[in-house]
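Presented below, as structure tokens, is a lone chain in the form predicted alone.
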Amino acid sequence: MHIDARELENGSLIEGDICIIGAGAAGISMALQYINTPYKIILLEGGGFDYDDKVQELYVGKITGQPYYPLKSARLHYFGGTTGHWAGMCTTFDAIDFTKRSWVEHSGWPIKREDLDPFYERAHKIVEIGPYNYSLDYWLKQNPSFVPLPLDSNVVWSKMWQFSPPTRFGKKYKDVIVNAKNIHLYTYANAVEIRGNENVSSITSVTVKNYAGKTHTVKAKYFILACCAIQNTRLLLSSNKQAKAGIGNDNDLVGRFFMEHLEINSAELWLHKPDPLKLYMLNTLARAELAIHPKKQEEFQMLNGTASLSVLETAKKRHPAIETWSKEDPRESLNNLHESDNNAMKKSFYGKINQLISPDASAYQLFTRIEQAPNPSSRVMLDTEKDYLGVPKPILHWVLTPQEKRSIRMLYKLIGQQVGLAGIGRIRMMEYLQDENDDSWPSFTGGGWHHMGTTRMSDDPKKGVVDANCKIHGVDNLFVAGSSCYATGAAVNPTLTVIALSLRLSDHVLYRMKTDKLLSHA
């Protein structure tokens, strides 16, 4: 069922069993699990089914610290969320990403990698990708043209990825959600305040508004925030009438530990003999990236990172994303990015041949994606300026540390050593990495539009905002879905893990609902 909240009578009361705030990858994935259950599900989306610049304006914010993309264009504010321009890259976190690492301060999750396995498998169906199998051996058997680089896998290994079409949640699941009898989708219903009981140990209602001037109240037994790392933080911090510091912020942790993936050109691979390296190219259903073995990460005290490969001649003609994604309007930024890629291909020799077949090349660009060390100084805060619904705008203060740069440098030292030992070529690190005493970042440093952290997971309320079940510490019925719960960011795109973690949360809330029913009949 779909209701446009702009058309409701002002001051309407909306009631249900479970209220999901946000209809992006996390919110829609959870709503799909609740179809045909005996519960009334309220799904709130701040925008409509299509892009609306007035709604998108609610994402405007300030940037301080490390330069970043305009916040207005870093996320999409309509049904389906940022899956509207998602690239579809999917793979799993590694086991080491969940462990407490002595060399990575604030690392460690209260869950393990294997806890997500059944949910990763279910997530595959939602994003329309193949079997839940990321074994290199499996993919080598599927495609005989895949040949891994002859490197010692105990040092540098090939991490497999799969690619969603990509699934556009807003189109793929619109009819399913709208036609579900127990799912009540409200569009143009921006959550602006969370209200609780007297001591805020339980949430009683959420206030929603829209640019039509309508204000409504939503009541439910359970509430789930699924608005993305910045907007989850913004809503919790601005709900400060009852809790002075904001909901769930007794220990000043809401908004802290904002993480992004550093994504940056870092080195070149020069082969002695031309090789298409099909295993590592983007034009297949799966590909590999070069990663460092966990034991070597520990030995060299480095963060988890990967290196992807692309033909150097084409890659050199692309502009850095931090330059092309510079417009406040996400549509303009996306067009600029695509134009840069298309022009690079047209100007390249390889643009003149069939791109379904990887060309033989002897030089490749190595592009880094590396996790950011969890850092409490990297954070989302509230501005004194408010949006047109009366909610303080966000300030993103993105802070990097020397550990990220040292880790990138070590990543390519290890790859270079292995390439040399294999006798297949040489690695040339870019100039900004060559001085080991230089911790500065070049102007082309960018991120992956991967907002993580800000409501991090920990069993200790003094170290995290949510517990192992994504419930906010000290609040009985308020949960957080998505990458804001990440304690560390790993070295991979977050969407598949966002969905897996959300499915795990949806199961937990269903369990809570069933337990409540049993107790009520006891």
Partner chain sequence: MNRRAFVQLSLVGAATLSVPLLTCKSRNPAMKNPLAFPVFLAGICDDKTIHAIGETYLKQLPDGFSKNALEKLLLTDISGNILQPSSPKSLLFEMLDRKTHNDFEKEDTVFVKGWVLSKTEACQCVFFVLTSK
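Numbering follows the first chain given and starts at 1. Values in this document were obtained by computation on a predicted structure and should not be read as measured data.
What comes next is about the form predicted in complex with the partner chain, which does not appear here.
- A heavy atom within 4.5 Å of the partner chain in the predicted complex is found for exactly one of Gly196, Gly88, Gly416, Gly84: Gly416.
- Out of the listed residues Lys295, Arg426, Lys386, Lys141, Arg426 is the one that sits within 4.5 Å of the partner chain in the predicted complex by at least one heavy atom.
- Partner contacts here mean any heavy atom within 4.5 Å of the partner chain in the predicted complex, and among 222-230, 174-182, 97-105, 266-274 they occur only in 266-274.
- Among residues of the shown chain, Gly420 is one whose heavy atoms approach the partner chain to within 4.5 Å in the predicted complex.
- Residue contact check for Phe93: none of its heavy atoms lie within 4.5 Å of the partner chain in the predicted complex.
- Using a 4.5 angstroms limit between non-hydrogen atoms, Tyr412 touches the partner chain in the predicted complex.
- In the predicted complex, Leu433 approaches the partner chain with a heavy atom inside 4.5 Å.
- Looking at 118-154, no residue comes within 4.5 Å of the partner chain in the predicted complex, counting any heavy atom.
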